[in-house]
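Take a look at this single chain in structure tokens; it is the form predicted alone.
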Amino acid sequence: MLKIDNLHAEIDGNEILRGLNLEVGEGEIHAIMGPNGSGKSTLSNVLMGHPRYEVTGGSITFRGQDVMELEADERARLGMFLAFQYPSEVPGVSVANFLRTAVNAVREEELSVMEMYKLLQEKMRVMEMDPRFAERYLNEGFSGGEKKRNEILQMLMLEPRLAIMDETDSGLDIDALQVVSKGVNELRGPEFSAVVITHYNRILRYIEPDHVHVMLNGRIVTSGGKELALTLEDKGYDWVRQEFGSVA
């Protein structure tokens, strides 16, 4: 699904990613954990083609296609999706209108108004959202939990092949965390993969990863199964710095 080879990237002249390697197979859930400043959010932005970040080396291949020269919207049309840590507010644009535009942009054939309405209502039930939510302006006045639910609602509507979740669990209470995780698990299957970027193990109790990776200083320094997340929770990130600091 995704292959990252020796990726180097910088922002404003500061190198953040320093030779990162990662492979995500079809139908796999990968968790990326690491301390603040390790480059996790930079990785998510670079994967989706954020224009502020400059890739200075390496390659990104999605489903066999080099995406390095593609704009963010072109990557989205291929089936890539990014759930933001801090979703932006868009006053004047309703959730329903935004989703209608986004869904039709990635589909070969546009959905009719009735088809769109039925699809939206179905996915909002999965996310346990009030139907009136669709009439509100995108993220304007939303609580943190509402913004994150809305991100996962977008994902359910777009049905991407690869979801990159940049600390989607940040600031969520247990109830919201369970609903957000339910949305991700709704898509789980052989044609859907995800990269879950997080500080904490708690979201991985609801979204069980196939692989866990630890980032430090712009590289993945160690990988393992879900038990690695438990080790991190037990020993903390100081253990990572002591154990792998020389590697990074």
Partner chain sequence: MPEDRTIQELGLDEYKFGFRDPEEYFFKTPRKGIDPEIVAMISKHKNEPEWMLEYRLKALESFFSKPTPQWGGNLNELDFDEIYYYIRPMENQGRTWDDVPDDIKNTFEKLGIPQAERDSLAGVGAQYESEVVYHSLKEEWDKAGVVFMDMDSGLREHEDLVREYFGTIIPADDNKFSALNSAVWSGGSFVYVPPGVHIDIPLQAYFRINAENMGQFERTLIIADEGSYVHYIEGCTAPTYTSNSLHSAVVELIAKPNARIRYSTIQNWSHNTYNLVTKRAVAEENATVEWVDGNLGSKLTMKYPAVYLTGEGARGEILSVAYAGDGQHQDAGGKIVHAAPNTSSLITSKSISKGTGRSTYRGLLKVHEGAENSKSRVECDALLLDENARTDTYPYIEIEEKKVNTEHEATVSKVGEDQLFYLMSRGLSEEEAMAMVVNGFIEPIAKELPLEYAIELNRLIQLEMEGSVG
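Positions refer to the first chain, counted from 1. Nothing here was measured: the structure is a model prediction, and the numbers come from that model.
Missing here is the form predicted in complex with the partner chain; even so, the following discussion is about that form.
- Note that among 196-204, 180-188, 26-34, 50-58, the stretch whose heavy atoms approach the partner chain to within 4.5 Å in the predicted complex is 50-58.
- With the partner omitted here, the residue from V126, L119, V90, L111 that has a non-hydrogen atom within 4.5 angstroms of the partner chain in the predicted complex is V90.
- For the chain shown alone, E167 is not a contact residue for the partner chain in the predicted complex, no non-hydrogen atom being within 4.5 angstroms.
- Interface membership of A105, defined by any non-hydrogen atom within 4.5 Å of the partner chain in the predicted complex, is confirmed.
- Although the partner is absent here, R161 sits far enough away that none of its heavy atoms falls within 4.5 Å of the partner chain in the predicted complex.
- Using a 4.5 angstroms limit between non-hydrogen atoms, A76 touches the partner chain in the predicted complex.
- Contacts between stretch 123-145 and the partner chain, counted in the predicted complex as any heavy atom lying within 4.5 Å, involve Y137, L138, N139, listed in sequence order.
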